[in-house]
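As structure tokens, one chain now follows by itself in the form predicted on its own.
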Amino acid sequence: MDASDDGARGALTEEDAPSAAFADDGKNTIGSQLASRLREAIISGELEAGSKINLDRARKTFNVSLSPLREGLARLISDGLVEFQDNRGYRVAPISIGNLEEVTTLREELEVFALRESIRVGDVEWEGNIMRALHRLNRTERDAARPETLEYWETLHREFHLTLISGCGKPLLLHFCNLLLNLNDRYRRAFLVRTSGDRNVGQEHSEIAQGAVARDVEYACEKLRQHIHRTGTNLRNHLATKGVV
């Protein structure tokens, strides 16, 4: 079952207001800024899976022309977050158990490989960055009753996972891992809003980090693989209870 239709809660409406004006600053085009804003809206669930993206409403909402809007949407299509169909226009990509399982499998392969390479070639600065990211994450509360805590925790959680693999020295690999994290986070956000998580993820993160800085390749990589796999299983079970197939 796909989530939502043309009348979805997540569809862009004229009441939506951009958080800031968009302007080409010489580093980030308006299109790239729009892509970032829409990407976060999709990952957070503000734009629901399967909902239609009305170009005219979006143009008015963000006070931009169609050209940068289409540029931003094109980037999100390449990221797997938006789909375009002839005669139907743009939609937020649907969610499904099959998609989640594929994302989980690819993360287990690529993210674990990136960690293995990071342990092999990462330097002392990389080690320090991991422990700092872990400390910030483990010191941060997440409470489903307080959405702002979930958003901040998610930011730090993403930072931790990317820091773990940042020492691999392979930009293309990091690009794919980042893309997969975006796809995975769509499912995680919906799950956390209702549960705040149901495992001792703090301990899991600590085990991964400690194994990485100790250069215990097999231990750290297996702990990361288990962490990703258990998360995928929990998310799959959550989707099944919601009737998603």
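Predicted model, so just to flag it, every value in this text is computed and none were measured. A residue's number is simply how far along the shown sequence it sits, counting from 1.
This protein has a second form, the form predicted in complex with the DNA, left out of what is shown; the following refers to that one.
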**OP:** Indicate whether the DNA has at least one heavy atom within 4.5 Å of a heavy atom of Leu66 in the predicted complex.
**Re:** yes
Original post:
Does Arg189 make contact with the DNA in the predicted complex, using a 4.5 Å heavy atom cut-off?
Top reply: no
Subject >> Partner proximity in the predicted complex: Arg146 to the DNA, non-hydrogen atom cutoff 4.5 Å >> reply: no
Original post:
Is Leu47 close to the DNA in the predicted complex, meaning a heavy atom pair under 4.5 Å apart or at it?
Top reply: no
Original post:
Which pick from Ala41, Ile30, Leu179, Val201 sits with a heavy atom within 4.5 Å of the DNA in the predicted complex?
Top reply: Ile30
Original post:
Which one, 164-172, 122-130, 95-103, 79-87, holds residues whose non-hydrogen atoms are within 4.5 Å of the DNA in the predicted complex?
Top reply: 79-87
Subject >> Residues within 4.5 Å of the DNA in the predicted complex, restricted to 40-62 and counted by heavy atom >> reply: Lys52, Ile53, Asn54, Leu55, Asp56, Arg57
